[in-house]
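The data below hold one chain only, encoded as structure tokens and taken in the form predicted alone.
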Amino acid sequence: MGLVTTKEMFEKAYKGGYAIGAFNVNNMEIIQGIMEAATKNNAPVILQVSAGARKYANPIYLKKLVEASIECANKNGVDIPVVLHLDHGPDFETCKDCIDSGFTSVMIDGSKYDFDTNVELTKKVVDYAHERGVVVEAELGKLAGIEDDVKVADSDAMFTDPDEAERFVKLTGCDSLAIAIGTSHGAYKFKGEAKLRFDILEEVSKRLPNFPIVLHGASSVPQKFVEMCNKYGGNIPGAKGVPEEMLRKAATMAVCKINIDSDIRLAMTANIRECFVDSPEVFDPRVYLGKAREAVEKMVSHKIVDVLGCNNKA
């Protein structure tokens, strides 16, 4: 099947009451782990590349690794829909570069601007992308936390206004919209009890029927990985994510895409740390990165089946 856009994928997810996992990729092992989980569970999948990943791994490497993963799946008789998506595109130029290089979906993040400027920037990207058969995700509202070293303070976070969301989509023509209902970037999402504004999500879905909504900052930060990291020399006390039952509820509503990044980082790091401590004689990267890749595959499989509900939906 090769690379596809999210259009048909989201239509089916909305009607079926499930969400597609959008997993951030940075290297070969992460891509392999995610794709192994998706193929085993016959699930559609979104592989997304952030500005930080482009800087770290080089856009050409990442694109070729994604293409290689699809080719390997096809050779094994597996044919699942895969989207290559730009996560948090900071400007028109970055979005244009990704569109021109073969991405099938891009996100333009104008949430840091005022409403009118966000509309103008998003519309510019939408016009360029749609002419080339690429879909566009936009964002309205501000999430707290850290995304690729860009920190948004809790005091600057802002819930999405449903009225503005309706106007924004009509003015820009974007294909999906990331909204702020209480999730946040990074591994420290909640200091007290986790709470999401499902009332906002419900109101947005009423104003924008059949329109796909996206949740950013939606890693659940599995405590087993946090504990492993700390046990084997890490220092990440108090890390806390979005409870998985809340994500599952969101997936049954209008949320068609759920972003997951921190959970992948934690799964990899926990298993690498464990290997270094328990097997100090190991210096072969294939050993500890192999364990990390297996941990990613198991974690993503769990998300697909138990949280997103998109298994056997390919």
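So that there is no doubt, residue numbering starts at 1 and follows the sequence shown. Note that the structure is a prediction, hence the values are computed from the model and not measured.
What follows is about the form predicted together with a small molecule, which we do not show.
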query: N259 within 4.5 Å of the small molecule in the model of the complex, heavy atoms; finding: yes
query: Heavy atom of S219 within 4.5 Å of the small molecule in the model of the complex; finding: yes
query: In the model of the complex, T39 touching the small molecule (heavy atom, 4.5 Å); finding: no
query: Touches the small molecule in the model of the complex: S176 (any heavy atom, 4.5 Å); finding: no
query: Residue (of G186, G234, P90, P243) lying close to the small molecule in the model of the complex, criterion heavy atoms within 4.5 Å; finding: G186
query: Stretch in contact in the model of the complex with the small molecule, which is absent here, among 160 to 168, 126 to 134, 80 to 88, 96 to 104 (heavy atoms within 4.5 Å); finding: 80 to 88
